[in-house]
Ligand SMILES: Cc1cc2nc3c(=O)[nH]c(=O)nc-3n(C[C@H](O)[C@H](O)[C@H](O)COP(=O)(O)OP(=O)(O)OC[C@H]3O[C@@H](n4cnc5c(N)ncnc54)[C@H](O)[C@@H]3O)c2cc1C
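Given next, in structure tokens, is a single chain: the form predicted on its own.
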């Protein structure tokens, strides 16, 4: 099958690329290995409307004003397809109070206007967007996994559904496809460099502890510089009244994540706390480093992620199933939103994570507990591995075209965004780049 433009992945980069090309009289196909768009667009679907959070404008070679203009376009499109009109993060007076509080405790709070669509509602939004594109003759091939990319005069994609051909290729496979993308880049001699990786844990606690801040900022971003090493740690992906979940198995390991539904709430809130890691000489491959950590956690968990009570983590003890709900230790006060007998295993995260990362997480949690008292309560839960793979950065022009002619990359998996809004903006830039070549 042959098309003018083929897009690998059906996340926000793909949708906005196709949307901005659909009137150019081009044949367009979107190939997706899953049934629905995977990643953040279907998982919780939070929209950060602040360029400081969802992208690196220097990486994208755009100005703040340009980014803000694109974000307004993206937000309006989400609203058109059914996004909740509720806008969080608008109470500037209260936000300022929390920022001062964070600063006094040794942290920084970055605020953003945000929308929360929810995992349950995001599927409807995706289907609505998909129908619009299909009306304009954009073809979707779901459950279609690209095995190999080849390039001669045109691109040839080997998939489980046969071969596809195109003149222009957009590769946006998301974080779960980052390792696959890098392998393809090596084979096709696409230029890239290593960037930082985020390794951390996911915290689950009673919503009443975190409600004072999430009532003001739905997904607060706290930034810490740690005492022991001066490393950067940040909170990420807060799910108010949400649940912890596992990501699909990624080769040799399973990662922890979280989401929240719009119409069904739990008693808990969860969020990630992540240590940003840069590697230099003689070893700089942050992707492999992160994968090794994830595999080690899963190995100690007998093939599953690990969960640990906060009290055990602080005391340097392994959590065990027989004491996991101990009333004597007050561990019965927080009930996990995930099955700890089937999906995760009680254990000791510090046995799997490098000591420097454990120290950094500990330092940051101590500060966060001063800002939001109750974070360090012994009954709270810590899950690992929580790792964000968007560290391989591809060398591109301002339209995200690589050194391989007519091949464009976008989204978190290509190191060009940090979330839904940034990934959608990538799609707008890519479409402009393709238009310029017509």
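Superpose the two forms; the largest set of C-alphas matching within 1.5 Å is the rigid core. As the structure is a prediction and not an experimental result, all values here were calculated from the model. Positions refer to the first chain, counted from 1.
Below, we turn to the form predicted in complex with the ligand, even though it does not appear here.
Student: Identify, from the list 226, 99, 276, 144, the residue with a heavy atom within 4.5 Å of the ligand in the predicted bound form.
Tutor: Looking at the other structure, the residue within range turns out to be 144.
Student: Heavy atom within 4.5 Å of the ligand in the predicted bound form: which of 266, 112, 359, 176?
Tutor: Result of the distance check: 176.
Student: Does the ligand, in the predicted bound form, lie within 4.5 angstroms of each residue among 60, 191 and 437, using heavy atoms as the measure?
Tutor: So, no: the whole triplet misses the ligand.
Student: Exactly one stretch in 240-248, 127-135, 292-300, 89-97 has heavy atoms within 4.5 Å of the ligand in the predicted bound form; which is it?
Tutor: Stretch 240-248 is the one.
Student: How about residue 32: is it within 4.5 Å of the ligand in the predicted bound form, going by heavy atoms?
Tutor: Answer yes; at least one heavy atom of residue 32 falls within 4.5 Å of the ligand in the predicted bound form.
Student: Quick one: does residue 258 come within 4.5 Å of the ligand in the predicted bound form, counting heavy atoms only?
Tutor: Yes.
Student: Can you tell me whether residue 170 touches the ligand? I mean in the predicted bound form, with a 4.5 angstroms heavy atom cut-off.
Tutor: Outside the cut-off, so no.
Student: With the partner left out of view, is residue 180 within 4.5 angstroms of the ligand in the predicted bound form by any non-hydrogen atom?
Tutor: Yes - in the predicted bound form, heavy atoms of residue 180 and the ligand come within 4.5 Å of each other.
Student: In sequence order, which positions of 49-75 have a non-hydrogen atom within 4.5 Å of the ligand in the predicted bound form?
Tutor: Result: 54 alone.
Student: Once the core is aligned, does residue 37 move its Cα by at least 2 Å between this form and the one not shown?
Tutor: Residue 37: C-alpha displaced by 2 Å or more between this form and the one not shown.
Student: Report the direction of the Cα distance change between residue 39 and residue 388 in the predicted bound form, compared with the displayed form, as closer or farther; the change is 3 Å or more.
Tutor: Compared with this form, residue 39 and residue 388 lie farther apart in the predicted bound form.
Student: Report the direction of the Cα distance change between residue 249 and residue 389 in the predicted bound form, compared with the displayed form, as closer or farther; the change is 3 Å or more.
Tutor: Compared with the shown chain, residue 249-residue 389 is closer in the predicted bound form.
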